[in-house]
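Only one chain is included here, represented as structure tokens and corresponding to the form predicted on its own.
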Amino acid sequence: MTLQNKRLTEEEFLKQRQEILTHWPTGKDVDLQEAVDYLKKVPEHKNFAAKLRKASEEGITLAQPRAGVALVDEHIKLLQYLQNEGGADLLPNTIDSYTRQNRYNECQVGIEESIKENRSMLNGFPVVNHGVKNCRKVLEAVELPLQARHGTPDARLLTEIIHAGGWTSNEGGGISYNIPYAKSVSLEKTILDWQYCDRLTGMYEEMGVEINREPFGPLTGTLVPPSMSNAVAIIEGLLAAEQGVKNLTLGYGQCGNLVQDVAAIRTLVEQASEYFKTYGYDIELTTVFHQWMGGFPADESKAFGVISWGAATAALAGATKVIVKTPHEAMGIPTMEANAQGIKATKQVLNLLKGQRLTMSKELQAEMQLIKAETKCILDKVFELGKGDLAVGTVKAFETGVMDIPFAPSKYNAGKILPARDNNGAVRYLEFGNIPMSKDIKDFNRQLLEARAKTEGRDVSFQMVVDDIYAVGKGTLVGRPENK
């Protein structure tokens, strides 16, 4: 297929679908009309889109953890614990790494080894291998909406199975589940593959079933400037909308400076809404704020401090939901008890801040204007490169470095930009690479970093970047020299 930002025809979709459903035996159990009939019987309180809508109307922030293990009954036990003991508002199904790479044979080995060892030998739930029937078993065992969270460049079969299984939200996108996750998968392929996922979502909508879609906001989760992550979110939102997606949650990963983080969420909503309106898409838009995605302190008490700061920022920004971290973040996969502790700490802060918002100030207004201006510079060039076609423009933007995600593993990413924090901990561009910012924007970013350098008695350099990457794990936001 030739890449273009155009809704797949029924013929194009069904031709792919015929092949996709043969990639693993569980594909044969997917029947679209039967799935629609099942989903229409799912209670409203278990529908992701409906729960997000209610939270948005009430002005509250919902808490959602990450979680997933290899075996169905153990996975149900984990989710029930996070629901009943942790008090989660929404439930995840974090998918294992083999499924993310479409390596279903190895998933099967992992399932068998997990049974043999009586513990999970996979780092998530192998949803394709478990199939539609087991997805429904999970849904029917809990009282909250379910989402698949993964990192799969080609999620076509996964998407078919989760939705037929009654799960009403799917995370990911052709950029956000490729560039930060994969090394050698072309952007053209993943955009095409996610057009399929989004078209399937659109078909469910047309058949009367609400399905939520959520592009992955944090990207690499490491000092990503808000304008770059917002540009990716808006692009993935527009690509999804073209395929018929109606309910979108756009996301952002916490950088750590309160004013910048609040500005990022608010500008994301404003700019995305403007683009949807311009291109004629009727979208129900909500937001997700990801608690700190970088290095965590190993000390659990300090980790709770980081978790609580993320919860407070999400509330003050007015995000519809927050993705929760755990006090075991520095050590690896958490116990279900630690996972529940992260949710409870988050919800305590959310409850304390219910109804409160960071009020507009000169600093917040200036930060919002800056993020909007930077994001517009990027998006204008993407549309120009694609001659109006957003899908084509996105591929060309990564080829030319107009879009560039810091510290991404993909060979299709230029890797020329470098971010660093300013004196107040906001993430700025140290090196712009080929990102098409105006001279005023470049000069302003440089001035902020020079001010930090002067405070620290050193030159603006790559060492700042290194220091900032490790700072939170060491207990600070800005990576200062040890003698400062």
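Keep in mind that what you see is a predicted model, and the values were worked out from it rather than measured. Note that residue numbering follows the sequence shown and begins at 1.
One more form of this protein should be noted, the form predicted together with another copy of the chain, which is absent from this view; the next part is about it.
Proximity of Arg136 to another copy of the chain in the model of the complex falls outside the 4.5 Å heavy atom cutoff.
In the model of the complex, at least one heavy atom of Trp309 sits within 4.5 Å of another copy of the chain. In the model of the complex, Pro215 stays away from another copy of the chain, with no heavy atom inside 4.5 Å. None of the heavy atoms of Leu3 is located within 4.5 Å of another copy of the chain in the model of the complex. Here the chain stands alone, but in the model of the complex its contact with another copy of the chain, taken as any heavy atom within 4.5 Å, falls in 360 to 368 among 360 to 368, 127 to 135, 263 to 271, 168 to 176. Between another copy of the chain and the residues Ala141, Ala373, Leu352, Ile115, the one pair within 4.5 Å by heavy atoms in the model of the complex involves Leu352.
For the options Leu285, Leu238, Val259, Leu192, the one in contact with another copy of the chain in the model of the complex, meaning a heavy atom within 4.5 Å, is Val259. Taken together, the three residues Gln348, Gln356 and Thr476 all come within 4.5 Å of another copy of the chain in the model of the complex, as judged by their closest heavy atom. Annotation for 292 to 319: interface residues with another copy of the chain in the model of the complex are Pro297, Asp299, Ser301, Lys302, Phe304, Gly305, Val306, Ser308, Trp309, Ala312, Leu316 [heavy atom within 4.5 Å].
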